[in-house]
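A single chain, nothing else alongside it, follows as structure tokens in the form predicted on its own.
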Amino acid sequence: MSIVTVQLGQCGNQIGFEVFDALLRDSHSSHGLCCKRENEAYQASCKERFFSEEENGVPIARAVLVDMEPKVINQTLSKAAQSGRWKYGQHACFCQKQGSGNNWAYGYSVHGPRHEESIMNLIRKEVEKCDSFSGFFIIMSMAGGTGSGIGAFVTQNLQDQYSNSLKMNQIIWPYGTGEVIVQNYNSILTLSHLYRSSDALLVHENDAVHKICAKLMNIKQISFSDINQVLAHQLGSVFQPTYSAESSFHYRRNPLGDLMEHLVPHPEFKMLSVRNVPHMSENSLAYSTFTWAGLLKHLRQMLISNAKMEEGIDWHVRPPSSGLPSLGKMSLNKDLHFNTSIANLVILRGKDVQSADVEGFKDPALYTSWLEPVNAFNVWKTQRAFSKYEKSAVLVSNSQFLVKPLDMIVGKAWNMFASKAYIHQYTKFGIEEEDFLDSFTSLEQVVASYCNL
């Protein structure tokens, strides 16, 4: 089944390009470590999901590109065409001459309604090209104006017009130190609106990805392109094909639907994170060997100690023993050491994958009491290696990972709001103080729900 990607704003378009490039590079890679027939099935499954075929054999990404300034879209289109491997559709873009000035209200209340018909038409045409349509993958940041404001507006429209199709928003959490003075306002408005209209929010924190580039990839001068490539690697390792069941060698038909079914059992809990192992530079890889036991031990500890990468894992954190009250019941200000999960999905790719033992992820102590581990944990596998790694594992998790960052963003936004700082920039475009208060209320509810797991 096919997925239509909607790339919004500078951030969404730059990441979208890297994701499609990573998917196609991987599906044609010689590192696949599997037989020719299996490789061809893997390629066909990847193409059906993310690309439609072009007359002269160049795959076209199933994507719609939206930005209010032409520069980034033009760069993205030409980079894709220059790759020679794939390209974007000729008529799949919408851009204007004037940006949103990092103002969520301008994106949501002015650009959104003004260009609604054109943007929704492009999306409809893309959906009509799919033989069987699974849903939308929407890539956007939360801190700026276009990606966040128009992103929230478009997601709401998709919910109205395609209520039976799944919508997953991949959102980029801003740097804690901040790129934009009003980023906390933009973030709470984006999150609270998406919580109403999206089925799942797949969150990447800029700070965490930056650390991966610095510590694991050994990159000295980190650019947005480096960060986006790490994101694309993580997303590719989630969305590339995997077998549909333990014993079968058929690829999963509906990855978006399966992800939602496994990971979002209740609409109050829809924040997902991605962690993957291993992650390293080409130079280090040449001297490294991996075992499934080692990779999974690291991944499990990353989950329970809420570490975003392999380096600096806190090995002292342990699941609460079943007789004692769970640490998850502690209040926010006492440090939440143990990261309680609602649901986890582990995806394993590579050599001897059938021998990997995932029993450690089935421990009831990892999960909230209202879901049995048999329903809370799933594993997907394929012998086909991903990217340059002979063995790799990725964990998609619905857990308490965002409680602290979300509480911080809400707190910072509230402090500004209490002193009425910059509010006039939003009210002049129709976002009233009540809208802010609604956003605070709904996000405080999300924090409370996750805290009480």
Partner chain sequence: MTQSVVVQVGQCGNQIGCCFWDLALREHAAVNQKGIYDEAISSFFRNVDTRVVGDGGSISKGKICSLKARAVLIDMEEGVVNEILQGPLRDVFDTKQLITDISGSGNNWAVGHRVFGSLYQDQILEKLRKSAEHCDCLQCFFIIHSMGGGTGSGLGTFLLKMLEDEFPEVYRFVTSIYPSGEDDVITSPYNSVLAMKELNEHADCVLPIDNQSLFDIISKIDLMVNSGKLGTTVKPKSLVTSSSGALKTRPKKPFDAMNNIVANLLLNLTSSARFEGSLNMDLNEISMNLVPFPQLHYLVSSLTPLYTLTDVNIPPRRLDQMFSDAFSKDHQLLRADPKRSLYLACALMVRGNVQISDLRRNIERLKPSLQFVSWNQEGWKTSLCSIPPVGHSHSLLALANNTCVKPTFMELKERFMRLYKKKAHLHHYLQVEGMEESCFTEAVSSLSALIQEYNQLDATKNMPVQDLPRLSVAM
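Since we're looking at a predicted model, the values are computed, not measured. Numbering follows the first chain given and starts at 1.
The same protein also has a form predicted together with its partner chain, omitted here; what follows describes it.
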Practice task
Give a yes or no for residue 101: in the predicted complex, does one of its heavy atoms lie within 4.5 Å of a heavy atom belonging to its partner chain?
Solution key: yes
Problem - its partner chain contact in the predicted complex: residue 416, any heavy atom under 4.5 Å - result: yes
Problem - Any non-hydrogen atom of residue 420 within 4.5 angstroms of its partner chain in the predicted complex - result: yes
Exercise for the section: Give a yes/no on whether residue 424 approaches its partner chain to within 4.5 Å in the predicted complex, heavy atoms considered. Expected result: yes
Practice task
Decide if the three candidate residues 182, 221 and 411 all line its partner chain in the predicted complex, where lining means a heavy atom within 4.5 Å.
Solution key: yes
Exercise for the section: Could you tell me which one of 407, 390, 38, 48 places a heavy atom within 4.5 Å of its partner chain in the predicted complex? Expected result: 407
Exercise for the section: Please pick, from 312, 178, 267, 320, the one residue with any non-hydrogen atom lying within 4.5 angstroms of its partner chain in the predicted complex. Expected result: 178
Problem - Which of 194-202, 115-123, 90-98, 352-360 sits within 4.5 Å of its partner chain in the predicted complex, heavy atom basis - result: 90-98
Exercise for the section: For the heavy atom contacts within 4.5 Å of its partner chain in the predicted complex, list the residues of 56-74 involved, in sequence order. Expected result: 69, 70, 71, 72, 74
